[in-house]
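The chain below stands alone, shown as structure tokens; this is the form predicted on its own.
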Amino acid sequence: MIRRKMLGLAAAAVTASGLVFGAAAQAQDVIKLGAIAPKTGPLAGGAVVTQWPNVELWAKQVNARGGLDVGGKKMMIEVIEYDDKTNPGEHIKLAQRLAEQDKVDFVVAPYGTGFNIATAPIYGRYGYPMIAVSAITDKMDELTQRYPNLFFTLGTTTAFVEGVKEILVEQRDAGAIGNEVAMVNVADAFGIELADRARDIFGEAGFELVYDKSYPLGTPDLSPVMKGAKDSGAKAFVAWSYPPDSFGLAEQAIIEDLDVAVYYSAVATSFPAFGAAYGNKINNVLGAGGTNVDDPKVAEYRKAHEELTGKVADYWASANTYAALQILEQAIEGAGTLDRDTVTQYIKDNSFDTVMGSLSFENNVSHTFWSVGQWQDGVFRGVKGSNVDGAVPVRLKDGWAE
């Protein structure tokens, strides 16, 4: 189903012809932004937390300011949304529709590593600057050379594995864990690439994977996976997981009373709902990403996110998604045009003031990101990252009691 939003200064007026800004916005005064991401399917839970609210927040804020200044002309934002149903083929068909039927000016990059890689050719064909906000891969150099419109903001696979490895080494040196690690991964592009890289990096650091298991995306029962991890006797558990399984694995770890000093799961560990679901039981659980909640910019962003969308931002990729939209905004205004090639070049050549700080791209890749965070006393704080401030010391996991 098509969902069209015209986000105005206050509430949009409903007319016979649809939703419009104020009284008489003209088509030529509108910048069309296409957004395709899951609203249904296995990855919907992540996109609904991380992607969709930030698109809404940014568009509302821009339009509340009177729109974007494009070469001296104020232009409002119209968001055209589609649900790809967590289906890459569906996403590609919808992307073509955005370009050829809706004729959108710009797009929001897809949700998820596999979707960003799968759709790069279609967005590249139409020349849309594509700022990937939820993609982790070591193929960035190869992909950005092939698709010069593609930008990455979240860090490489190697960087994420290295962050976890550093924690494992630190805790081994402190005597909290041994060399044994239990590792599991979701069997899609994201989890497979991270697990493959982890086998090499953990091995080089002297760790032994005494349990190494993959499972399909959307697996409803993860109890066998967690039982295997527990039976391994490892004091460190690492899961390269996506939203549904990050929750499912935590639930099973609590049920099994998994006895580890280091517990890490990936995407969705930073979600407020993760903390709400398990309370203090997940204190000192490590996960992908992180944020510096003490940064005034981050605090202001999180407040606006909740006030304007009614939802609490997650502690990782939410800010990254919003920052990517800030980059697009500043590039359009800086270039003074809607010409996509010109805007893409502006992104390549300039730095941008964002909620994540000053961001710029080297060969289309940003090197400012959080890689590992940890739940500490009800807040998910960054503990490892690249060119970020506010990292806090790692704490050991000590049971699953409230």
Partner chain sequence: MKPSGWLELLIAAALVVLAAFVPMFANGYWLSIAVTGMMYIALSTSWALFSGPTHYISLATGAFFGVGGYMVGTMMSDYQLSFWVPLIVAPLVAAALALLIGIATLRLSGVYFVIFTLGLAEMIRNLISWIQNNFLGSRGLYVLTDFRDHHLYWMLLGVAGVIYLLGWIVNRSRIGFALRIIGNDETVARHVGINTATAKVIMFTTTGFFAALVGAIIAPRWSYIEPNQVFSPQLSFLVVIMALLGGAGRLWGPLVGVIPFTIIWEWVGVQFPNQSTLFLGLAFLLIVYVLPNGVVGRIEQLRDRIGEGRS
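Residue numbers count along the first chain shown, from 1. Since this is a predicted model, take the numbers as computed values, not measurements. Rigid core here is just the name for the largest C-alpha set that superposes within 1.5 Å across the two forms.
The form predicted together with the partner chain exists for this protein as well; it is not shown, and the discussion that follows is about that form.
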- Quick one: is residue 196 in contact with the partner chain in the model of the complex, heavy atoms, 4.5 Å cut-off? yes
- Message: Given that the partner chain is not shown alongside this chain, does residue 325 nevertheless sit within 4.5 Å of it in the model of the complex, heavy atom to heavy atom?
- Response: no
- Should residue 175 be counted as a contact of the partner chain in the model of the complex, where contact means heavy atoms within 4.5 Å? no
- State yes or no: in the model of the complex, is some non-hydrogen atom of residue 126 no more than 4.5 angstroms from a non-hydrogen atom of the partner chain? yes
- When the partner chain is placed as it is in the model of the complex, which of 108-116, 260-268, 326-334, 297-305 ends up with heavy atoms within 4.5 Å of it? 108-116
- Query: So which of 309, 280, 214, 232 gets a non-hydrogen atom within 4.5 Å of the partner chain in the model of the complex?
  - Reply: 214
- The one option of 210, 201, 192, 169 with any heavy atom within 4.5 Å of the partner chain in the model of the complex is 192
- Partner contacts in the model of the complex for 138-164 (non-hydrogen atom within 4.5 angstroms of the partner chain): 139, 142, 143, 146, 147
- Message: residue 218: after superposing the rigid core, is there a C-alpha shift of 2 Å or more between this form and the one not shown?
- Response: yes
